[in-house]
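Given next, in structure tokens, is a single chain: the form predicted alone.
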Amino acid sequence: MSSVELQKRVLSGMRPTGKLHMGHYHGVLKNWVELQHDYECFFFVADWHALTTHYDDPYNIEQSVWDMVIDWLAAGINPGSATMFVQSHVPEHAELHLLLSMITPLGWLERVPTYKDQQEKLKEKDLATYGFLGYPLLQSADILVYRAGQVPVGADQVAHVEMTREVARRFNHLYGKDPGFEEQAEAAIAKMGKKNARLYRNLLKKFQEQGEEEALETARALIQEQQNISLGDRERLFGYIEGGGKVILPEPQPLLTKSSKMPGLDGQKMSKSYNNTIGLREEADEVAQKIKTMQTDPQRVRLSDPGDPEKCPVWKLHEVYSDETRKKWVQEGCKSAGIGCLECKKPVIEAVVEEQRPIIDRAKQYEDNPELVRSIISEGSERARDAAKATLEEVRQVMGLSFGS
């Protein structure tokens, strides 16, 4: 595939920790549903990643995998538009992780912000393991094995993508200059024809001597237009102008997602660890019961006591689900004690249940047909493996491991 096509490839994954909740839907799945129409999307179940923190309790992983895939399908991920697969069904992830571990400095792993952060948060677990230290590099392998150009992440995950870029840069620096690289690049320039070759050399000079980013972009577009050079020559010319070697593992870009506004039942971020979630496919009666029993402004002891919406977790749900007219009704009614808390909660219950209805309906066909879910994952894993194998073939070759195969 060309570099431009790879830029349109997106990779994202989730750890299987059981059925998903509305926070996952607003924070990740709605974004995936949009991305699948504009990009070539690979979405994977990160079951190996689940073992980095749940290695001592792996028994729920399998059921969690199938529950989560059904949630994805129910949320609107279309297997005809996106490739869905399970990480452990594509062993190339593990092989690339091993090969990248040979070149990745230990300090890079130790400085990943979430490394120390997770150890603090999960003090009850023994996370002084090789797997936990290396999980950011496994994440890098997940991305690089598909040569994905874009990785949808929240602001807190940008450091992981940056590390992946560094790993790719180091790999290309070490292995991108095959014997006679410069002679081969010069031969590729000659194949472009006199006019294009002259233009390429001018752009090369502008970028390498004056650092003109515009010249780099123009050169990339020029290379992309060439019909009479091979894909290998094209990649060589990309690497030549950038001052490195051939780009074997392209550097991915973070695709920043909007931060999730879905609050939990206590007003904090919705999270299983806070026990404040509404399940993605929860029964309407249970949803109603959870919202009815939510804490409200502690100052409103009696119906006649005025309240302050800013101090009430229910208001945060109105901010997600209510239009301006409804929000005004809440603000005025609460502050004047004109409406009671149960009355205020009713439209939120209706909005959540309404949002869940099509998700629950779609899930039903997959719950009733587990073989269909398994075949979607089997086909997706095959497609993913084909893409991963192509990368590994080239990686093995440049690392001197393609003999006898």
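Just count from 1 along the sequence shown to find any residue number. If you're wondering where the values come from, they're calculated on a predicted model, not measured in any experiment.
Another form exists, predicted in complex with tryptophan (TRP); not displayed. Remarks below refer to it.
Checking 85, 135, 171, 72 for any heavy atom within 4.5 Å of tryptophan (TRP) in the predicted complex turns up a single hit: 135.
With the partner removed from view, the residue among 322, 104, 276, 157 that has a non-hydrogen atom within 4.5 Å of tryptophan (TRP) in the predicted complex turns out to be 157. Within 4.5 Å of tryptophan (TRP) in the predicted complex, a heavy atom is found for not a single one of 24, 317 and 351. Contact annotation: tryptophan (TRP) lies within 4.5 Å of heavy atoms from the stretch 141-149 in the predicted complex, the single such stretch among 282-290, 199-207, 248-256, 141-149. In the predicted complex, tryptophan (TRP) sits within 4.5 Å of a heavy atom belonging to residue 15. Proximity of residue 46 to tryptophan (TRP) in the predicted complex: non-hydrogen atoms within 4.5 Å are present. Looking at residue 395, you'd find every heavy atom of it more than 4.5 angstroms from tryptophan (TRP) in the predicted complex. When tryptophan (TRP) is considered in the predicted complex, residue 388 lies well away from it, no heavy atom lying within 4.5 Å.
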